[in-house]
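The chain below stands alone and is given as structure tokens, in the form predicted alone.
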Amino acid sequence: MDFNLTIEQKMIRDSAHKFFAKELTKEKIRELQENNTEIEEGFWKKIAELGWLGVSSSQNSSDEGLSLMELAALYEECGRSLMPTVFYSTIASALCIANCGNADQKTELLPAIADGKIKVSMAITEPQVSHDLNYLETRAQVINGKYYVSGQKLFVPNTNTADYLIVAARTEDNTSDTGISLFLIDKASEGITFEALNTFGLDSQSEVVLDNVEVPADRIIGERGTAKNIIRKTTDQTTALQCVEMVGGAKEVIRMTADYIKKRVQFGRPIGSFQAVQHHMTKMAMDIEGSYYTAYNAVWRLSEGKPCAKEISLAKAWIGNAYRETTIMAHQLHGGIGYALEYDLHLYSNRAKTTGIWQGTSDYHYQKLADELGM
């Protein structure tokens, strides 16, 4: 396996680095958070023009959009720059449509997403369901050829900016793999209510309640009853990409910390010259280097169609902890200034907490690893 980026992937990474340095400064991140604004339309239009909202319908070809490996190169820079989460929820939805949508749905929706004309978010999690879809309670009842969806969803990202939601609902009264379907629902539909949730990462998440929401039959994404496997496939892709995003954030944290300890003087010399500080920095560097290869291994295996359940859980469990512990140690090495809200470091520690939980906690992925190992 070769994790060296191709020329095209390096071009995506380098252009993203330059773009974010100009368009997504930390001042802009703070402004968006303070105004409770997830994204600005001008910014969204620019990333659409760069081609970053288009995903490929095939894993290895980027003829129709970005491949998984190309997305990974972009996600690493997104993590470094703290890209607003509406980007990730929209890409996740695009991947879902690319994975299971019929030809008409792909033709209608993927170009609209790629052009920045619509934003889509996925509504899967429920109060009693975080990962095991066998306990899904949202239901879709057929009446006169139309579906009526009722249920409650939690932790739905970016409903404030989304135009549509992809909602998982039970269409059969059983727990088989053919009992759940995905529905594309207009956020403005009658019967949908939203309540914003407080998050320590200041990212937008909501509780969504659907009360007999009418959905035309042609708004089922893909085939009826096939949602379980599609959700698993899409979750694998977004989890692996999120691991790369976390690596990008952790790299920026260690860069900030290295710059600080070179300049901070105590007892007549930079604190970076102290052996204890060097040991901490070495441990951080080892964790991040291991995270990099673990994350890209998971994405690469996915892009090659190889079995990778173990590699994805290994990456998420390891990198979730590594990112969080890197930010904690960075705060300690910065001393008092590292805990000031005016300093940028807390933006990364908040994001590390959020991404450590999203797509499954470390404990959840430890259990998946144990299952893969037959324990």
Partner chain sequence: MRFEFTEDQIAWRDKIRDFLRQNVTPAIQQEKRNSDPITNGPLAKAFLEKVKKKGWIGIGWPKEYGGMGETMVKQFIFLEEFRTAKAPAIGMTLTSLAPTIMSVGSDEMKKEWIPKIVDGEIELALGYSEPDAGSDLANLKTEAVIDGDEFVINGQKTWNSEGHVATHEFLACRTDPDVPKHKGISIILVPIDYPGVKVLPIHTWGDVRTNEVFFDNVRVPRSNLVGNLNEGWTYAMMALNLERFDIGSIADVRRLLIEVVDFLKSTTVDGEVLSKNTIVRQRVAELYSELEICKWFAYAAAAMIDEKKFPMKEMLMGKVMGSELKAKVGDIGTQVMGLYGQLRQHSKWVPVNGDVERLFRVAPLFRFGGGTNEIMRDIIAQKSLKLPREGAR
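Computed from a prediction, not measured in an experiment: that's the story for all the values here. Positions refer to the first chain, counted from 1.
The discussion below concerns the form predicted together with the partner chain, not included here.
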Exercise. Judged by heavy atoms and a 4.5 Å cut-off, are A258, M329 and G356 together in contact with the partner chain in the predicted bound form?
Worked result: yes
Exercise. Do P270 and the partner chain come within 4.5 Å of each other in the predicted bound form, heavy atoms counted?
Worked result: yes
For this session: Give a yes/no on whether G222 approaches the partner chain to within 4.5 Å in the predicted bound form, heavy atoms considered.
Result: no
Exercise. Would Q152 sit within 4.5 Å of the partner chain in the predicted bound form, counting heavy atoms only?
Worked result: yes
Exercise. Given that the partner is absent here, does W52 sit within 4.5 Å of the partner chain in the predicted bound form, heavy atoms only?
Worked result: no
For this session: Please pick, from N99, Q105, Q278, Q141, the one residue with any non-hydrogen atom lying within 4.5 angstroms of the partner chain in the predicted bound form.
Result: Q278
Problem set entry | Proximity to the partner chain in the predicted bound form (heavy atom, within 4.5 Å), stretch among 161-169, 109-117, 200-208, 90-98 | 200-208
Problem set entry | Residues in 119-136 with any heavy atom within 4.5 Å of the partner chain in the predicted bound form | T125, P127, Q128, V129, S130, H131, D132, Y135
